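A lone chain, given as structure tokens: the form predicted alone.
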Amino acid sequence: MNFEMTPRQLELIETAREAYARKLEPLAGDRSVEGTWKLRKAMAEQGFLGLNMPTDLGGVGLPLLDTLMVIQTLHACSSAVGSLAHRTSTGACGAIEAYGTPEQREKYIRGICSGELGISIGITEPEAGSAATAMRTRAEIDGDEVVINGSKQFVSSINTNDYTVVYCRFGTTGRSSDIGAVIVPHDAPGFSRSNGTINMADELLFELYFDECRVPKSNILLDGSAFGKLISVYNAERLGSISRLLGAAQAAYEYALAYSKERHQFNRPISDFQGIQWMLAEMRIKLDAAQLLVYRAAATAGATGLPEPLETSIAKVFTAKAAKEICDDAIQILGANGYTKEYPLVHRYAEVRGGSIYGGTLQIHKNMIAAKILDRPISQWKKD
């Protein structure tokens, strides 16, 4: 097994760093809707959208592993840039690329890769968080339209995107076999959204409401018996999210390392003290171990582009925990400075804290790991 990066991968990482410093950094600090659109267009021009999307649809055509390396690199530079690279590569577009009609793929994937449009993903509901298959949002086909009723919550980027891939029920059995997905435009009749709730990382999360929301039938992505298919693609989205955690942890580690060499106490740099040296060593060990697990999970994708669920869950659990610990130690090394918002570590910690919740909580992933290694189903549903 070769653990060395290829010359091409090293070139990709260096190109991403250089392009960020040269073209993207001046735009990355503007979090307004207009600023996000400008950043998205600039990233499209630099080839950082649709990293793993097909070249015949305007994408870059990178393997999943290389895609994650670029996302990690860009996120270490800027969370805004890393987030866009992730959401336009391993995000909702993955389901459209895998299961969309030729017309859907041409319209949405090409639009995402060019920076012309953005697509969110709506899964979670007030009564269906970790129990995702308990979702109640319904879709019924009515002639040439599909009518949607229900709600979603904790959906990202609604104010800057044009569409949401909405997971919903097409049947009435109550089983996961009812679940499919519809690409809902944000200007559809019967669609509305909240003003957004701000999370720890200062990101807006929205509630979506569907009240007899009518969408063309051609916007149906999958019309039932599709939850397994959607989740198999969602594992690539999970790895994109995990790569952002890696990027944030990498940035925190590198910042604390540099700070320890510059900060003096007792007439010498604090990096001279064994207590700090051990913290830095442990941070590096955790960062490298997490990175290897993420890269291993990506390598299992092979030609299909779909990573193995077990390897994905293992990478998710370890990286989410390691990233929190790395960022926490980085704050500790900076002391009172690290605890202030004048320094970047507070934001980095807030970013990685969410990784233990979104994309399946760590507890849910541990359940999935246990089911796989014990080779038997483990259900959390209460039995009558």
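Heads up: residue numbers just count along the shown sequence, starting at 1. All values derive from a computational prediction rather than experimental measurement.
Omitted here: the form predicted in complex with a small molecule. The next part is about that form.
In the predicted complex, Ser83 stays away from the small molecule, with no heavy atom inside 4.5 Å. In the predicted complex, the small molecule sits beyond 4.5 Å of every heavy atom of Ala19.
Within 4.5 Å of some heavy atom of the small molecule in the predicted complex lies at least one heavy atom of Glu203. Though the partner is left out of this view, Ile13 does not reach within 4.5 Å of the small molecule in the predicted complex, counting heavy atoms only. The stretch that touches the small molecule in the predicted complex, counting heavy atoms within 4.5 Å, is 356-364, out of 356-364, 369-377, 5-13, 20-28. Taking a 4.5 Å heavy atom cutoff to the small molecule in the predicted complex, the contact residue among Leu221, Leu230, Val215, Ile121 is Ile121. Site annotation in the predicted complex: the residue of Asn199, Ser114, Ser225, Thr133 reaching within 4.5 Å of the small molecule with a heavy atom is Asn199.
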